[in-house]
Structures are given as structure tokens and as C-alpha cells.
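Take a look at this one chain, the form predicted alone, written out in C-alpha cells.
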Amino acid sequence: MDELQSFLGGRWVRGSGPVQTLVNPATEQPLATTCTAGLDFAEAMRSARAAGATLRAMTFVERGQAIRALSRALHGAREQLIALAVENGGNTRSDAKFDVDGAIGTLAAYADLAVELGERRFLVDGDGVQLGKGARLYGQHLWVPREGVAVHVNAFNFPAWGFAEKAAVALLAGMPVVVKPATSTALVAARMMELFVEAAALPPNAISLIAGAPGDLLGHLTGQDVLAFTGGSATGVALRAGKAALAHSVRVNVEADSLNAAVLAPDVEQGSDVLNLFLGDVVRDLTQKAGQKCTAIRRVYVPREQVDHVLGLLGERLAAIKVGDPARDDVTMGPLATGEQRADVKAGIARLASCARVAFGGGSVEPLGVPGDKGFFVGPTLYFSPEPRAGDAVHEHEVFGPVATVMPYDGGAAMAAALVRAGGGGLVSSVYGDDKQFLKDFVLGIAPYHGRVTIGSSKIAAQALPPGMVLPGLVHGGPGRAGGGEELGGRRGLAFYSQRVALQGDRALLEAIAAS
């Protein structure tokens, strides 16, 4: 059995004490152990901060070259990473490719952005402004790298993509990174770290890895550090309220729960490309990674007169899903990541029963290729809530698994938008149709409650990207229940790792500083 080690202070280290065991979630077979007890996280933070000076001295182009080398290192070990994701994450090969290729692609995208940013070390923020009657007294905003460490606490569902999307932005901004992946699926992140160390593309200690419990790590945060977290809202609240974060005004970014929605517009006809796009997105998000995606569609709103037809079509597609050991070629949905996750999903399914009835599935399943009662499986489950209201369980609780609820709406765009807003803020919601007025009214009605809105129409149906795909060039995050954070978005993502400073003085001097 493998023993995962952490990479801190430029070397591989292991803790001493009780170990945590990583398992195959389909068979419950132990795969690896890890321990971080006794590791010196204070020294690890000091070592990472020291690396920051070298990283900040590099230009965007130089940082981008290093990030591209990381992307290529992952690409060279792509098949190995996919195999680890299948084994440790319960992913089908398709799901594992989605995660690994997302990591490779995001690193490459930020390497490309570095070329655009050029031979500079910081960003100029907008145009300068004349401050007095004459042209000499001038003001200019800059974004400069913070002189701390970016601590990344990542979720279990995307061990590759989650690692890469945060690290790419921080490194390009000029901040060293300490990564804390979720322990249960850390095999992929640990192998990625090995590849990054072997690539030797970054300054020493520019990336560190904690392969297990973080101990007192957060107690060593200072005012120049940042903390980015992806996971449950309760943990996000606790991190924001941490003593070090409050005492030193540590910048915290949280991506948490999200009751994402998909809305079918009244003009969509049976058998149309738009309807097929809608159905495909709903089923994909319900089953991809067993529904364990922060961007997955949880609520499905359909014009009342189309509900029966849509429920029937969704049921037909879900009936074709084969649940079981993801190592099998015929399996199209694997298990949940942990036993705890399975228990949470089953409890969530029971909670939805207070306002909805089962339209398909219900959670029970006999997985293919799995002996006895092994594995953390839950079958695809579709609920129907005939009279949705704000405050219902479906609008208050995210079931983080292969579960979605179909609901009718009346009254056009205004009613549909009101129901979506009842979710309290989301990462992404989608709408499908061609009625321009409906789409405009709906999009503007939900936009303040979302980080991203996707619009599926007949003109882009053949090339549309699914709403569950996080894109490096667009913002990822959302208000309210979704955590209030913001990641990616091209150069916008660099702002979290930078300090905006206003310079005031002689125009010629300020322009010389900005051009340096």
C-alpha cells in the first residue's frame, strides 16, 4: 500500500502518528495511507514566503513559461492520472478525463494569458486620472503581487482541476502556493505534485503540498496571505471566522453550496435541438461524477404544460445509465467518493421527500461488477415537486450527488426567475430557448444572484458547452449560498492575489513606474 507524503520546505516529509486511509470507493479496498501529525507548518509557510521574492521578480512571460511546463508535465502523465482518478475517485474514465483534462487546459490557458500580459511584473489598473487643474498632478492604480502565500484548500470531487485552476492563477500573479487537497481523493493531487517537482520549472518552494490534515496551518496566516477554499458552506463560514483570518484581515475566497438551476423556456418545441440540449445537460449534470459537482444542475424548471413530457424524456435517458465499478467499460456512473458522502446524499434524498415525490430512481441501485454490499453507490434520482415555493427543501438544501428536482412554473420569465432566485445565490444557472424577450427578462432577473448564466439556443446548440464546465476565461463563483467568491475569469482572477494600490504624484514619474 502506498504512503503519501507531503512536500514542504523543498522536501518530501511524512508525519508520525495515526494514519488516514484512502480507499477505492467502488470496492472499499485500501489504496494508501497518509499522516501529517508533527509536521512543521510554520516553517513550511516561511519557506513558501521566501520563494515569493523570486517568483515576483519573474515577468508574466517567465511565470507563464513555468506554468506551461506544469501543463506539459501533466499531459505527459495523463493516462496515469486518469487511472488514479478512476481508482481513488470513483470516476468513470470519461469523468476522470473531464477532471484531468480540465487541469491541463486551465494551466495552458493561463500560460497563454501570460504571453498577452508580457514582460511585466505587475498590472496597470485602468487609465490614469488628472488630479489637479494642471496635467502634472496625477493618479494611477496598479495591481501588485501580495508578499505572502496563497493557501488553497480544495474539494474531493476535482482533485486535479481544483488544484490546477487555483495554482495557475496564483502563480501567474506572483504568489507561491500551499495546496491542501481533500484527503479522501488525494492520490491524484499527490502524483501531480510529484510531476511538478520533477519538472523543476518553478522556483524552489513555489508550490507545497499537504497530503492530509492541515494541523495548525491556518494559524500561521498573516495579512499578506490569502486563503481560497472550495467545499461545504459550514466549513467556509468557519474559515472566514478563524482567529488568524480575522486578526490579520486575511483575504478569503469561498466557493460553497450551489442550487444551480436549468430553465426550459415556453417556446421550446418537442423534438427540437434546444430541447435535446436541455435534456442532455440535465442528465449529464445529474450523473457526471455521480452528481458531485459544484456546478451540477439541482433544480429543473419547466413550463407546466410540458412537465409530463419532460419527465418522461428524462426518465428514458436516466434508465440507460449503468451504475457500477467505474473501471468497467460498460459503466457510465460510478460511486460517491466516501461513505460519509453517501450517507449525506441519502439523508438529502429523504429531506426532499418533504416537498416532492420520486419521479425516477430513489437512490437504491445494484451496482455492476461490485461484490456484496461494497462501495458507496447511490442511483440516479429525479424528484418532482408540483407546487414549488421559496423555503421548500429543494430551495434550501443541496444534495451533493446524482439528484435533481423537476418543477413547473407559470407566468413567464418573471415567475421562472423568482423561483431560481429562491435558491439564494448560485455558481451557474442555465436557460434554454429562442424567445429573445423571455431570455432577456429571465437572464437579467437572475443575474444578480449568479456568477455565471448560460443561454442555450438553436443557433449555438451544436457547439454549446455544458453549464457544468468551468472555463478559465470566465468567472467562477457566485453570491449568497454559493460562498460569495470569485475565481478564474482570465486576468480578473489575478486580482485576488494582488494588492490594488493608488499612486499619486508627478505624472511623468507615475507613468515611468507603471511602465517598469
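Residue numbers here begin at 1 and follow the sequence given. Because the structure is a prediction, the values reported are computed rather than measured.
Omitted here: the form predicted together with a small molecule. The next part is about that form.
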**Study point:** Which of 133 to 141, 213 to 221, 345 to 353, 119 to 127 lines the interface with the small molecule in the predicted bound form (heavy atom within 4.5 Å)
**Key:** 213 to 221
Review point. Does the 4.5 Å heavy atom contact test between F156 and the small molecule in the predicted bound form come out positive?
Key: yes
Review point. Are any of the heavy atoms in P266 no more than 4.5 Å from a heavy atom of the small molecule in the predicted bound form?
Key: no
Exercise for review: Indicate whether the small molecule has at least one heavy atom within 4.5 Å of a heavy atom of H395 in the predicted bound form.
Suggested key: no
**Study point:** 4.5 Å heavy atom contact, A413 to the small molecule in the predicted bound form
**Key:** no
Revision key, fill the gap. The one residue among P388, G232, G362, G424 placing a heavy atom within 4.5 Å of the small molecule in the predicted bound form is G232
Point to revise | Partner-contacting position among V283, A201, L195, L239 - heavy atom within 4.5 Å of the small molecule in the predicted bound form | key: L239
Check your understanding: Each of A189, K289 and L336 near the small molecule in the predicted bound form, meaning some heavy atom within 4.5 Å?
Key -> no
